[in-house]
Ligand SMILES: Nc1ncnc2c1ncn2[C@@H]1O[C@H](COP(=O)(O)OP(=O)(O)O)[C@@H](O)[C@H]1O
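Just the one chain here, laid out as structure tokens, in the form predicted alone.
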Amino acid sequence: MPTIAVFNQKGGVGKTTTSLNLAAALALLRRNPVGIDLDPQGHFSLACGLQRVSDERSMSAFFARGTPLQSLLQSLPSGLRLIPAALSLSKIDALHGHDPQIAGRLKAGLCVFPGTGVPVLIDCCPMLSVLTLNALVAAERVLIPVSADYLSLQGVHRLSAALDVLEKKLGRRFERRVVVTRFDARRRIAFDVYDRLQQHFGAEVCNTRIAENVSLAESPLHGKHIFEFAPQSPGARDYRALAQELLAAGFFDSVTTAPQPIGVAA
């Protein structure tokens, strides 16, 4: 199954907003995606209306007790399918950080997960940790949300360098896409950030930009994705367009060949 890690080390860039609403857009397009909340803060789960998730029904049970992912999957009234997070995920680094096999735990769990061709979106925590390493080892592709401001632009270069190092250790390349979020067309810096990203990352930058939109900020307060909360809003329009752009590019297609090794030209 195609597995996408949604990751940025900088907070406040729309990582969880993108995970939530991109999954919702794929669900509306009948791709039946699975979301995995791998952030101990549990913001993806909260945005879906799940509060006070018990350890036994969260990703904590997978790492602590080996509970199969399929038994943790929840089908929500919104049409989404999610494996939620609990705060106890924050203990995984301390409990398993010295286990040399821990980095491949999620990938092994997904290998026996039913649903060939179903896209999996992993909302990563905003730091390099055992949990993030699990997501990146399991993923074939990485989606990097970057808000349209100067500090986010600086952070994405550091993130790209970190991914380069990880690729060398794993001996394979990640297919990457950068999506610009919180884009305010009234501010010149938003266009400057977008242009600089295109200069550095070229075709890896999505054409779709996610506009700054109040509805995107408000919808999680109601436990709803944007297509439930404000289906005619600019935010809904943009995430629908992003899903269609990535689908057209094959970003959610199953990987049928071995990952490209480092040093081999495409």
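If you're wondering where the values come from, they're calculated on a predicted model, not measured in any experiment. The numbering used is simple: start at 1 and walk along the sequence shown.
Omitted from view is the form predicted together with the named molecule, to which the following refers.
The closest non-hydrogen atom of G12 lies within 4.5 Å of the named molecule in the predicted complex. Of the heavy atoms in H96, none are within 4.5 Å of the named molecule in the predicted complex. Heavy atoms of R182 reach within 4.5 Å of the named molecule in the predicted complex, making it an interface residue. Within this chain, A217 lines the site of the named molecule in the predicted complex, having a heavy atom no more than 4.5 Å away. Of the candidate stretches 53-61, 29-37, 204-212, 225-233, only 204-212 has residues with heavy atoms within 4.5 Å of the named molecule in the predicted complex.
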